[in-house]
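There is one chain below, alone, in structure tokens, taken in the form predicted alone.
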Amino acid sequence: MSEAALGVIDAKRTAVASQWQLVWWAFRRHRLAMIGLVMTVAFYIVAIIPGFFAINDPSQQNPRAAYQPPAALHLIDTSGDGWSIDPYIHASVLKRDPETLEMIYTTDPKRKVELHFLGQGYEYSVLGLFRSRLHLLSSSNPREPVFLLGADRLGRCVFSRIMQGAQISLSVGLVGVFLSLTIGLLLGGISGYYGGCTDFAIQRVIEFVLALPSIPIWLALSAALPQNWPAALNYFMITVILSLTGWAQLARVVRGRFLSLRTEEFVMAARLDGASESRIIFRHMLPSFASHIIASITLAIPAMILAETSLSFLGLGLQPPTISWGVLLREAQNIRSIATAPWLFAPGIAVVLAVIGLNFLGDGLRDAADPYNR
């Protein structure tokens, strides 16, 4: 078939396609956005069931494994007659250096700790609905700990704690953006739809919120939280604090869209047809720029994740025993930790990858939602 014929077919398909179909077709052509989608989905799968991907209990302490270095994972076993896909690690042994008298970890090539896919391990909760012992990787010998990314000063598995911390850090972004979206849509919609004195009053509030320095406000409000609050309440208040200054930009975007749409012909036709104001707003106006809202939300989630990580890293956000990426990065605040256990920076790599994936996804959605880019 000629290129001209293909162009005609594509033009006909585009002419009858819905807004969501056009967005999806434009999004699929954005390679970085598809990479970001895969990364984001993978991170949130881990956040939903972190215990399945963890190998060890993230809260279990092992004083004999303090600052144990990462173990090299071997996927192919060639010790037999042939070869087989059988993951294993060599057991670590704590010895004293004869020259410096320092306690160091060495690997014993004669002792192998086999790992099993979809094996049984420690018990964990799945979204609070039921409990399970199934893990993606499990050790064949519970007495031999497997530290793929090393251990911290208390002998806790860094890899398992990163998996568990994804649940808090990534959900803070979702919950915080949901609260910001609710406030932004409500106030921005009222401001743009009704105008007049209502618009003037809401815009002055938005300008006041935007004039506030975000980081000092976050620090002040976080420091005002009582330290003896339970982890669940502390988590909820941190998300509220992050949402207090995150709604203003979205409210302005929504207001501008409402100002331009309220005089459109389809809105006037719905009003003349006797449709209620709520129906006009939720059935006609909001769906027309829903793709822009989704793109704004996707770009706002990384900012929420970075804000929670920064507050927890400074000791003003979530507190132990709550596990988040920011709490884990507090372990790498001093020089001794950096020199002794550089693998404690691994949660920072998880933060970087999550933010990159979400930014790729958000940029792709923003470009796909723009009709002038098609």
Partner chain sequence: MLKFIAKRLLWMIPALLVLSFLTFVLIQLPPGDYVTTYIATLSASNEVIDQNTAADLRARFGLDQPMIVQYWKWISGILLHGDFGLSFEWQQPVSGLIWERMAFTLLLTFATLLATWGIALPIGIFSAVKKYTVGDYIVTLFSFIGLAVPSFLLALVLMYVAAVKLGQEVGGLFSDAFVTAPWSFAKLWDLMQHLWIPVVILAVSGTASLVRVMRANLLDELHKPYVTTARAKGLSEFHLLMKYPVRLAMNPFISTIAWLLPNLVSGSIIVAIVLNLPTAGPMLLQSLMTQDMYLAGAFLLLICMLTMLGSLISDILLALVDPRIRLE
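Numbering follows the first chain given and starts at 1. Since the structure is predicted, the reported quantities are computational estimates derived from the model, not experimental observations.
Although it is not shown, the form predicted together with its partner chain is what the next lines describe.
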Next item on the list: May I ask you to check whether Ser214 falls inside a 4.5 Å heavy atom distance of its partner chain in the predicted complex?
Entry: yes
Notebook entry, point to check: Might Gln61 be said to contact its partner chain in the predicted complex, defining contact as any heavy atom within 4.5 Å?
Noted result: no
Notebook entry, point to check: Does its partner chain get within 4.5 angstroms of any non-hydrogen atom of Pro226 in the predicted complex?
Noted result: yes
Note to self: Since only the chain is shown here, I'm wondering whether Val355 would be in contact with its partner chain in the predicted complex (any heavy atom pair within 4.5 Å).
What the structure shows: yes
Next item on the list: Given that the partner is absent here, state which listed stretch (181-189, 215-223, 277-285, 256-264) has heavy atoms within 4.5 Å of its partner chain in the predicted complex.
Entry: 215-223
Next item on the list: Just give me the single entry in Phe236, Phe117, Tyr194, Phe208 that has a non-hydrogen atom within 4.5 angstroms of its partner chain in the predicted complex.
Entry: Phe208
Next item on the list: Scan Ala65, Leu306, Ile49, Ala26 and let me know which has any heavy atom within 4.5 Å of its partner chain in the predicted complex.
Entry: Leu306
Checklist line | Three-residue site Ala339, Pro342 and Val351 fully in contact with its partner chain in the predicted complex at 4.5 Å by heavy atom | finding: yes
Next item on the list: Could you list the residues in 316-346 that come within 4.5 Å of its partner chain in the predicted complex, counting only heavy atoms and keeping sequence order?
Entry: Leu316, Leu329, Ala332, Gln333, Ile335, Ile338, Ala339, Pro342, Phe345
